[in-house]
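Listed next as structure tokens is one chain, alone, in the form predicted alone.
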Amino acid sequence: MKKSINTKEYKSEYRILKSPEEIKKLHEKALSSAYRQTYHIQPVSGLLNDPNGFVYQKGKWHLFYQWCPWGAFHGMKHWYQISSDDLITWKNKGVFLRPNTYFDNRGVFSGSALVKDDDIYLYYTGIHGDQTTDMMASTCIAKLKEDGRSQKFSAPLFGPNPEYTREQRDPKILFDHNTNKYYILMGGQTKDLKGCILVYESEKHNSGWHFKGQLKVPGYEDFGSMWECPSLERISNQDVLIFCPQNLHLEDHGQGTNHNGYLIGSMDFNTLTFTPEGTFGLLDFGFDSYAAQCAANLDDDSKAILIAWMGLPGGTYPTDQEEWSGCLTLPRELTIRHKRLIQRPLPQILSLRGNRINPGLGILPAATEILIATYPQDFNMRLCCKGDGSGGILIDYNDKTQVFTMDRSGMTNRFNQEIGEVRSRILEHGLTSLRIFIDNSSIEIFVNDGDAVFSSRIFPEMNEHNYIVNECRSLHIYEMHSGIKESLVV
């Protein structure tokens, strides 16, 4: 996910963006791509990865993404800001954080947001160093001013903990009403190379931070080599610990080793223990989902709002050749059902529905929503296939084994094959419905009203916009309108 620097790359990849003119040609090149998304957040140029600082305040949603302006590689990271009134239509606001101080001169990495006294504070990992020294990570803070500009604090809140490796990043800020204190969760790694979460504590949100200790998670002492993007959410009186374990093989997730997942349980900040009440669950069973972030400052604690990077650390994608890469998932509503997280598209997505498409045509618009109700029997369909029904994405459900499978090996453009091209999930209650969102270069499949989600990048050729489906109870297809304004704002 994070990339080290060598001297040869420094001048080209590791420089600060100063004006729109520097990326105007890259922006225009990206806009000409056949794989430019219609209603998903994507970069104005270069590479987008982690969503950051997701927060609601005064009727407005603010979201930032980690961004390298210069191309489809992990070079000098900035924070780019977008905003929305409804979580569906988004406006570009421009660069919010640039790597222009001594403590973040090698990159502004991921973080989170807090609303305090009607002000928004952003907590992020600043990377410091020069061309000849190793990078050092510090936890930094900035403020979103009333005029929309950023105001960085003059010094970091704290530096790296020497008792752990240098893999310390992605601060998640939160306030605990039981202890009446603020906490920052940090993704970390022990010196024996095991993933963990480091916890810092303070009575103030902007000063006085000290190391509280390593979070104890019974049963997960040896669970991957690094835990990135930690988060703690409170949903329906239950605590949900979200994190991304790396270098870990999980059943039914192919050969992939980087995961987006969660534990439901209870958090005790006095003992610094998160006690799971079940096993680790995947947030997404698709090929491309990572670095999930939940919105801060929601009034309704019966749910959370989540968005994630539709990509993977170390992944490569066909648009890399066009010098841009990355997009975010649709925002989703998180609730708990049967001790499991349920993800549903937001109701507001209905505002993007356009014309209803005749299913008999067998052709899909590039930006599409599909609603399917199934019979209690085997089911299969092909999406983005050729006119003769060959290739494309195979979606299959075996009613006897209750296994739901997605196979994208039939696509002409195949990529990241080393992590496998088949993903599956056992559906304990059978298959009843599918809600599928296809954009120009992505697909998100919501199974059984959010019981499972499969998010993946896809890159269909011109002759791969057909579909076939076996018997089902009902099938509705809608064209989707644009939700993104593609203006170049820096």
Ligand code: FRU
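Position 1 is the first residue in the sequence shown; the rest follow in order. Being a predicted model, the structure only gives us computed values, none of them experimental.
Just so you know, the form predicted in complex with this ligand exists too; it's not on screen, but the next bit is about it.
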{"query": "One stretch from 224-232, 318-326, 345-353, 137-145 that, in the model of the complex, holds residues within 4.5 Å of this ligand by heavy atom", "finding": "224-232"}
{"query": "Partner proximity in the model of the complex: residue 444 to this ligand, non-hydrogen atom cutoff 4.5 Å", "finding": "no"}
{"query": "Residue contact check: residue 110 to this ligand in the model of the complex, 4.5 Å heavy atom", "finding": "yes"}
{"query": "Contact flag, residue 404 vs this ligand in the model of the complex, heavy atom cut 4.5 Å", "finding": "no"}
{"query": "Close approach of residue 66 to this ligand in the model of the complex, 4.5 Å, heavy atom", "finding": "yes"}
{"query": "Triplet 39, 332 and 439 all within 4.5 Å of this ligand in the model of the complex via a heavy atom", "finding": "no"}
{"query": "Residues in 158-187 close to this ligand in the model of the complex, defined by a heavy atom within 4.5 Å, in order", "finding": "169, 170"}
